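First, one chain by itself: the form predicted alone, in structure tokens.
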């Protein structure tokens, strides 16, 4: 395209792509960013202060808006019109896509927990899955830089599942709510600690972003930049250097190679004209999300790369993982009838329960290998468009009953680590194409006994916490029914796994593909395992580290 001069082409504008672009542009490198979705400006488009009554169906979830009318994913979801995917026999998998500038960072829960030494070397501990090709100490300084740049609120806890940050890096956390303190006290009686959740929400102003004033749900997006998304931070910061160009509505079909099989650019479909466009590139970074980047590589088949680009190991699309998920809750009698006041906070849990069972696992006392945590849902929240079946009556009596029970429910959402297995992977379905003519992804999925045992343990623990709080808890569902579907937690990773050998992995520890030295992957696809913590902080941390290394190699002329 005439007039464009760039050193690196980045595919994707979410956590990995935006951080890579920001890091490279700050070193003076020219970057061209391609985004499959439309342009999006949360400053002007975010409906922060609209009430449910102003939305269709009062904001209730629908098939095309599963998180409600005001969800910040204005274009995308588990189903995208004209962009299907398929599943193998006996499999069920949900693939969330955000077709908009900023990707999933416009929508995510913003939980920002560091992976620990246990997480990076889990294979060495239990013999399952794979180790990461570096230690926690290697990545810790980059976590420091990322937390400082992004703006993470929380505190150091000294717990073995929550590595500490240096003094002054974390912003102060919001105060715990009354129900959260009650959960913490009940958990303590069971020998389990609660802790402030680390979250990418500013409680103090930072650069040109304002501090959160606890007024609206973060899931709507944030026009003041307090709740982190790349569209109010990394992308405008990178643009301010004068070194970033962005093309939206650019659906990448393939990474292209020359006659020698060396990467020389990409081809995308212009979604407005439906015409293919080829762009030359010296270096390509794929950061389109784990499954989208793997899809691009698998669709980039050539005589030189018959199994797909960067796939000499046969591992592209393999090792697909998501977080486990299960919900359990109850009404707490002690919370009924208390005075009603503003308990919103930053709209998500201020406290949570980190994993406490590393020692028990080391002693062989648990029948599953990896951990989980509990996210809390409680407090005086804005009522939704539903009502409990037990709420019956009319007039003043009904209102009094509703107010008496309001804020008394405590929900515990389990989020756990999955161990990769041979039944969970993605491939190309050559018999189905999307509306752009690009072959779609076919998913294969099966939870193993590791995950089912983990969820069973989590359900029993949740019941113990709730009954300690005085709740009357119904019968526990079997883990097979309670566990969420694959992809439903939207933490899919591992499809382009990093490692120490080109025979068993797709990239080295810098995200550089073994087969193509000028092709990098900088999204969750490179994860060697999927710890129970939200993956976005680590995606950004790796992208900052790896893009910094790439910049140094470009300056040396090594790439």
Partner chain sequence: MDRSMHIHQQIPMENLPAPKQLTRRDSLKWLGVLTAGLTLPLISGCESIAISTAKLAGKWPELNLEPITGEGYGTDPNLVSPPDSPWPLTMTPAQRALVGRVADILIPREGSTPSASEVGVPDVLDEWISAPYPSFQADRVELLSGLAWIDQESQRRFGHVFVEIFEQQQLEIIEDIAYEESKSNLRYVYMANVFDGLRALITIAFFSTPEGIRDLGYQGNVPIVGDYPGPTTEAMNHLDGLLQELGLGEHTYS
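Positions refer to the first chain, counted from 1. Everything numeric here is computed off the predicted structure, so don't read it as measured data.
Missing here is the form predicted in complex with its partner chain; even so, the following discussion is about that form.
Remark: none of the three candidate residues (97, 315 and 425) comes within 4.5 Å of its partner chain in the model of the complex, counting heavy atoms only. Exactly one of the stretches 298-306, 122-130, 410-418, 275-283 approaches its partner chain in the model of the complex with heavy atoms within 4.5 Å, and it is 410-418. When its partner chain is considered in the model of the complex, residue 350 lines it closely, a heavy atom lying within 4.5 Å.
Within 4.5 Å of some heavy atom of its partner chain in the model of the complex lies at least one heavy atom of residue 468. When contacts are judged by a 4.5 Å heavy atom cut-off, residue 511 does not count as touching its partner chain in the model of the complex. Contact annotation for residue 490: at least one heavy atom lies within 4.5 Å of its partner chain in the model of the complex. This chain appears without its partner; in the model of the complex, the one residue of 229, 319, 73, 441 with a heavy atom within 4.5 Å of its partner chain is 73. Taking a 4.5 Å heavy atom cutoff to its partner chain in the model of the complex, the contact residue among 357, 354, 345, 479 is 345.
Residues of 142-181 lying near its partner chain in the model of the complex, listed in sequence order, are 174, 175, 176, 177, 178, 181, the criterion being any heavy atom within 4.5 Å.
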